[in-house]
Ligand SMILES: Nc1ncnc2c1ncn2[C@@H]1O[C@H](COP(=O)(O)OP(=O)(O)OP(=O)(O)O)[C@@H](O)[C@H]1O
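Let's start with one chain on its own, the form predicted on its own, as structure tokens.
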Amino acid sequence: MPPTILVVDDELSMREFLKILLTKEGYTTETAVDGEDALSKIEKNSIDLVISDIRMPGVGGLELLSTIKQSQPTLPFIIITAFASPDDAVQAMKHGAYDYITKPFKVDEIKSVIHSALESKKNSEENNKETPAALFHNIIGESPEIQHVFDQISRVAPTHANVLIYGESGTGKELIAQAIHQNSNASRNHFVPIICNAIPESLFESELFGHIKGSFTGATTNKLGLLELADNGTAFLDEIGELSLMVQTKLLRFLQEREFKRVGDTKIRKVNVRIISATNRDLEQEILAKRFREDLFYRLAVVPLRMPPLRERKGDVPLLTQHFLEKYAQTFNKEVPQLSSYAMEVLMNYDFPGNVRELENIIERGVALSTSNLILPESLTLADAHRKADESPVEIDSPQLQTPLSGTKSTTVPEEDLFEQGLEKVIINLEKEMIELALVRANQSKMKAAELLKISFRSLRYKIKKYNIN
């Protein structure tokens, strides 16, 4: 059944225009002439999205928004207005609007925002159901790449085979290890994480196997080793590629014999523990470089498993983003904010060198610093070197360029003169002048300036930085 969208506007022409547009897009459409009429329609119909003008006789858009959010807080609400002002935008976002669009708008723009709002509502509902496709033992995702990982986990978990997890930093290798443990027959016993590069080499044997009182200076009591603690459970050796060759030898001996001695002790002890290890290094290359033992590698990598980086599973970015928005809204005791459509576009065009951990950090910072319930692109801190190449200036279709701002001096450049003067220089100077003028007219509001120039907010921000516009 197609989503039902309620259009609220006191102008008949706008109601009819949106109804025709939305019907053509396959949506079911209801219309209302003002806020009071809209509330009546919502009571009688199942509405999936509201698009409302902000200024109407009687119950206006902001009052309608506030009333709806009290009874249906998850219902997406898009504000449209011909009288844009920063105050109205701030108030709309504080009351819970999904997005704020200024008339006249481009058809593609409102279609994109509507699609994004409905997808956000759908993802939120799916998250609440915690379906296995979206959440697998705290691993969030539904892309084909992560589904393949889920399948591997399901297959290897019931066995007792050692697993080696490959993956870049921040991909969630420990979550994979936990999921394997939780789906195994040892799930009721301990899962013991051991961060190999956090333990000094001189103490590693003691930490892993334990020691007895008086075995070395500072050993004032008997100590249980981490492997004993993990007996009948799982030991997770993270950053296994960082171990020295001496420590690798001791670990190999344990894996071969499944027995060990505490430091300073003569008693041989046995444990039944599954070893799951993880690394962000290419261990086969480390073997060739004589930095990792080949025999230890084969003991650890009975089943190799690769966790894909976030750039290879971009389909999971919206789902992960929503999860982190909800998580940190609760942490900071805030209303769950929405990510603007432009901000989501920025994330989808980013390579995430720090993977899921970086995305979480970006969203945590955005929620912490947000002053409304809408997170805009400028609130996202991304590494410029990892933005995709498509974040480039807008293409200009014609060699004859004319400023689109009314009341400005028209600048027309014949094609034959462009090459003589230098096409690139002319375009750059013209674009820079247009942007500076738009910013002045928009009172330095980048969002409004982008609307005046008929370009995306992302493209405007790129140009401002490129041309060093203050």
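Keep in mind that what you see is a predicted model, and the values were worked out from it rather than measured. Start at 1 and count along the sequence shown; that's the residue number.
Only in words, not in the display: the form predicted together with this ligand, which the text now covers.
Q: Which pick from Asn138, Thr371, Asn197, Thr331 sits with a heavy atom within 4.5 Å of this ligand in the predicted complex?
A: None of the other options qualify; the answer is Asn138.
Q: State the residue from Pro318, Gly233, Gly172, Pro309 whose non-hydrogen atoms include one within 4.5 Å of this ligand in the predicted complex.
A: Of Pro318, Gly233, Gly172, Pro309, the residue with a heavy atom within 4.5 Å of this ligand in the predicted complex is Gly172.
Q: Would Val356 count as touching this ligand in the predicted complex under a 4.5 Å heavy atom rule?
A: Val356: contacts this ligand in the predicted complex.
Q: Is there a heavy atom of Glu294 lying 4.5 Å or less from a heavy atom of this ligand in the predicted complex?
A: Answer no; every heavy atom of Glu294 is more than 4.5 Å from this ligand in the predicted complex.
Q: Would Asn280 count as touching this ligand in the predicted complex under a 4.5 Å heavy atom rule?
A: Yes, Asn280 is a contact residue.
Q: In the predicted complex, does Glu239 have a heavy atom within 4.5 Å of this ligand?
A: Heavy-atom contact with this ligand at 4.5 Å: present for Glu239.
Q: Within 4.5 Å, heavy atoms only, one stretch in 213-221, 139-147, 113-121, 294-302 touches this ligand in the predicted complex. Which?
A: Selected range: 139-147.
Q: At 4.5 angstroms, heavy atoms only, are Asp48, Phe77 and Glu335 all close to this ligand in the predicted complex?
A: Zero of three within 4.5 Å in the predicted complex.
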